[in-house]
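Read the single chain below, which is given as structure tokens and is the form predicted alone.
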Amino acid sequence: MAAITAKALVLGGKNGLLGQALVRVLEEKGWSVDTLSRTDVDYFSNNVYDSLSDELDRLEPTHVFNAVAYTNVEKAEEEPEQAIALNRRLPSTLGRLAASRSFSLVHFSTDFVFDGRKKTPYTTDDTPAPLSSYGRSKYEGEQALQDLSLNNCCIIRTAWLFGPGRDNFVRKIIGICQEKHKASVVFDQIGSPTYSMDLARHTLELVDIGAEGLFHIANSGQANWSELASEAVSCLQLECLINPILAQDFPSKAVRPAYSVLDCTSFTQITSTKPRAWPQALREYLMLEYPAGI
């Protein structure tokens, strides 16, 4: 009997930061990979169930990775319905489709489901209490999937993504430093910087062992935004002053958690892998993004 070939469908795989990383890692591992973007399927449409059903029938994936999300935290305060469409309704739709088919589903969520009142890293057992429209919509997406009690479903929370293929905080800071040689960056918000390629690799580790349930994946260690910016500038030996500022001095419509470091113990226990430290991952990214330096 011939072995079943692993075939992935990556939503957001054409243009998304995480989606592109997933495609690269899956293809490196010999998977057959298809992608869908927002030009292929209108995720905001009321007919998204039928559209995705047609694509699933056409592509017949063994695994679906949902790397589509409404990630503009500020704009979500102005467009909560748009955030809900991508962050709650889409995973719910994928869950209902998974319930009637045989594919495994991997969905990604965020540290913004927490309120930041803890002083120690958040575990998968901690109770979410999101502060923003973005955070609430992502948490509702998690709940929608969990309420379906699916087999072969993995929910992965991550945070503070940087990586190749799309604009991100690190790239923005480098651009500001090149232009102005000075950047004001918040120092009283602390989280888990995460390299998209590491997240993709660790995700595949969970898939390879058939893991189910809720996990946290982020690079080891913690940082505030100012520390992350300073490390990037130092690695590239840029002449740039990073000016630490309070979050209250940075105009914002959305309330962000002051502390949202993720505890990845559940991931390490099941895979025996501890994610590497974020400064090490950052250096690899910068070498890839700026091979000739600046």
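A residue's number is simply how far along the shown sequence it sits, counting from 1. Remember, predicted model here, so these are calculated numbers, not experimental data.
One more form of this protein, predicted together with a small molecule, exists but is not displayed; see below.
Contact annotation for Pro275: none of its heavy atoms lies within 4.5 Å of the small molecule in the predicted complex. At a distance threshold of 4.5 angstroms between non-hydrogen atoms, Arg38 is in contact with the small molecule in the predicted complex.
Contact between Ile173 and the small molecule in the predicted complex is not found at the 4.5 Å heavy atom cutoff. Taking non-hydrogen atoms only, Leu17 approaches the small molecule to within 4.5 angstroms in the predicted complex. For the candidate set Ser133, Thr158, Thr203, Asn219, a heavy atom within 4.5 Å of the small molecule in the predicted complex is found for exactly one residue, namely Thr158.
Listed residues Cys264, Val64, Ile242, Val68 were compared with the small molecule in the predicted complex; Val68 is the one with a heavy atom within 4.5 Å. Contact with the small molecule, judged by heavy atoms within 4.5 Å in the predicted complex, is confined among 23 to 31, 56 to 64, 232 to 240, 41 to 49 to 41 to 49.
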